[in-house]
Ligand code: PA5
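What follows is a single chain, given as structure tokens, in the form predicted alone.
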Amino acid sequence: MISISYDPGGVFLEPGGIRRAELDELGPKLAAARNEVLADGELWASGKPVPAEKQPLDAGFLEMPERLLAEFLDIGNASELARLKSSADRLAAKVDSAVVLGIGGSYMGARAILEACCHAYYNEVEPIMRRGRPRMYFEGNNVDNDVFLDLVRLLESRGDRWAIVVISKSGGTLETAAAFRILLRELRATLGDHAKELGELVVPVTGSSGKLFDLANALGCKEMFPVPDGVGGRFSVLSAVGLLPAAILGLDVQRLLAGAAAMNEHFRTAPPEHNVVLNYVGVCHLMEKRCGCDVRVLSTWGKRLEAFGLWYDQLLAESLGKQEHGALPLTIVNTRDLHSRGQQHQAGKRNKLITNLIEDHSNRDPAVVGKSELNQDQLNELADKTLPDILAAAIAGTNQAYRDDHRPTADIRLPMLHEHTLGQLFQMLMLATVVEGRLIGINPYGQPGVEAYKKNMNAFLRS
């Protein structure tokens, strides 16, 4: 059973929105798109030839949560999940910091997991508050010289013992490959007479062949984990790509996978009118087609889901931004961005669907405003209110302001933010993205537009 809910009530507006009857009428087409997505998964799993019109078909993410969990139950310590957890525990006992190298889907999901499930100031708190797990830094996702060297200096100035988790299916992505070469040199120099330990402090997540695979073998890496075949980078968060960093952080990766598996079951079996995936797709599609809302604002309430929103930005943009189609994704964090982008959303162009992403209950005890002898701020009348009370009022007040001006909103609600609900949310939006692609006749897999810049960049460098 899933605990995520989706409420599109704020889109049923006249004018400015759609009618509920329109969403109901779309039900059969949504069900047909779901069946196509499920058939894609079966075709991929069968190993049969993929028709040209379906290529590329990276549908391996669909059943990955169930596969990894079943393998863990069946063969225990020999399973990928058990080996991954063992490797994470070994690194956690050996180093103070881990640097995760990757770009796009090779790091964005892992960063989203850290920010959603760990202490807000994870890298700054004492080890006891990190449960003895290493600090975690992300690099290889840009080519900012100064920021990169600042990380190197930080590690060296603290005298950290550190490790590298390098994530790239082929090893040919230049940003990650260059960062890896430089950091490898720095790590080797740090080890000095113990350079033979290099293979124990570098853990690659890569394909079964390619540049990084070959380099890992040359380094004598003690462990290596797969980027699964048939799983595109932006769909790989629930593979070793996201699970290994999560396990290094000491998070419950089985719970993360169980949440995704629960969403899969709901997606397969719930009728369109009660299916959060299909309802979400239907609302987004109709708002774009009927109302011209081709900007999709994911409005995260609270800071911990900003990185998740950036993960979703990539997922939606790379999957559906093809053939001059695809909505523009935009992540905001409220209440912060009510004081910046909020003006545009409230009074700008009517081309936006705002989806609120709301955590109903915080993980910490509520902070109370309280009374003060210094009442110049006139907050004593709110003395019994808490920060969650203020946030709830901000959500309600903002939605009311949008409704009063006939601006459409919908809500995705999580009862509480932890590994199980986060696993549900990851899988929900990956499923929604491929369903929408099939609904509008766009192949949601592959990213041909990204390859052009890579080709040109390499040509300039080698000219």
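Just so it is clear, the model here is predicted, and its values are computed rather than measured. The first residue of the shown sequence is 1; numbering continues from there.
Another form exists, predicted together with the named molecule; not displayed. Remarks below refer to it.
Only one of 363-371, 119-127, 232-240, 273-281 lies within 4.5 Å of the named molecule in the model of the complex by heavy atoms, and it is 232-240. At least one heavy atom of Lys454 is located within 4.5 Å of the named molecule in the model of the complex.
Residue contact with the named molecule in the model of the complex: Gly104 places a heavy atom within 4.5 Å of it.
When the named molecule is considered in the model of the complex, Glu359 lies well away from it, no heavy atom lying within 4.5 Å. In the model of the complex, none of the heavy atoms of Asn443 sits within 4.5 Å of a heavy atom of the named molecule.
Taken together, Asn264, Thr269 and Thr433 are entirely out of contact with the named molecule in the model of the complex: none brings a heavy atom within 4.5 Å.
Of the listed positions (Thr190, Ser97, Gln314, Ser87), a single one reaches within 4.5 angstroms of the named molecule by any non-hydrogen atom in the model of the complex, namely Gln314. Out of the listed residues His285, Lys169, His345, Arg111, Lys169 is the one that sits within 4.5 Å of the named molecule in the model of the complex by at least one heavy atom.
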